[in-house]
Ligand SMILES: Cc1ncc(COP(=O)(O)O)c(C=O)c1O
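One chain comes next, on its own, written out as structure tokens in the form predicted on its own.
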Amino acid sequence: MRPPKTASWVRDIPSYKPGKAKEEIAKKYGIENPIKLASNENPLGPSPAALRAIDDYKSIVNLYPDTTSKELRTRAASFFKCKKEQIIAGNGSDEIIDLVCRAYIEPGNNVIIPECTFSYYSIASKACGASVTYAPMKDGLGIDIDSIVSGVNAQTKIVFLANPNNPTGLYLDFDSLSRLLELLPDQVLVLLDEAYGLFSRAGDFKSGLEFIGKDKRILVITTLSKSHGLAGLRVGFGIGDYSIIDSLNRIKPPFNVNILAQRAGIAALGDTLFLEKTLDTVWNGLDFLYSGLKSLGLEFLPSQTNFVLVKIGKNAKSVYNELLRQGIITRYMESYGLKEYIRISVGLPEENRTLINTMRRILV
């Protein structure tokens, strides 16, 4: 018997390629404790307040969680300075991306995605039958507003924009973001992914939350994965006009954010000391990596995130593989069309030093 056929637009979607796990590298190369600098995770671990909340509530995981995540959204509204009715909570920001695609895309519609950005935008869009227009990047891998706008047609429903952008670490200033919104037609929803927004040190970076309540076409998504160390629990938010949130609530699964994720998220959002320590660790780590990379004669993009994109050259893959053999996991960027680059997440100070010293030995 033959298996049932999937929808025609699903069959050609490439699967998402995650970074390598520490366990995989430990087993393959006999490394006792590999250093993982591949997936932009929080090097400090989870928020201590979140861990205490998990311990306090672990005995009631036999119960269904609040289907509306009301307390979590209330705390998030205070953190993001909006109203809880303007927020939907999700099983990570990836689920919010899925919900947006399901709510707004019909087969044959079009979406616009920058050529070099988070790959899941394309996967989620194609899963709903959309065609994808990839907007070319500016010289230097910056997002090009004009190329995005020129790709819009009558079938365009969504523009995806990560700001700051993954994997480049670059960002759009507030004036450029405002200009994009002015140029886009009314039927286009802008999904603005600010997963790394809290890490920005740029004076002219402003959150798209500035537009909430003023522009009904924008949905800001964010996550507690990086800034608050909850990547394994999957806590994300979509923040936008009431009409967008209502549409997403109509199709979200009933209990999409589990009870421990909700309680950990509530606690983490109130853990200001942990967030301050995270930002300090990341910013100092970036400065250290910049200095080390310059000493090695390597080019890199100035980052507004918790990672840095480094141009190694034609031997990038061999350098990446040698780092693996030495027990250091980075991310080779071939799947993004960047065969000469690796992406390095900021680690703890000793991990950053080990990385630079190891690269020095490899490159000499």
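Numbers follow the displayed sequence, beginning with 1. Quantities reported herein were computed from a predicted structural model and do not represent experimental measurements.
Keep in mind that the form predicted together with the ligand is missing from the display, and what follows is about it.
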item: Which of 137-145, 117-125, 241-249, 173-181 lines the interface with the ligand in the model of the complex (heavy atom within 4.5 Å); value: 117-125
item: Contact residue in the model of the complex, chosen from V220, I88, A162, V257 - any heavy atom within 4.5 Å of the ligand; value: A162
item: In the model of the complex, the one of S227, S207, S93, T156 near the ligand [non-hydrogen atom within 4.5 angstroms]; value: S93
item: Non-hydrogen atom contact N166 with the ligand in the model of the complex at 4.5 angstroms; value: yes
item: Contact of F211 with the ligand in the model of the complex (heavy atom, 4.5 Å); value: no
item: 4.5 angstroms heavy atom contact with the ligand in the model of the complex for Y196; value: yes
item: Any non-hydrogen atom of K84 within 4.5 angstroms of the ligand in the model of the complex; value: no
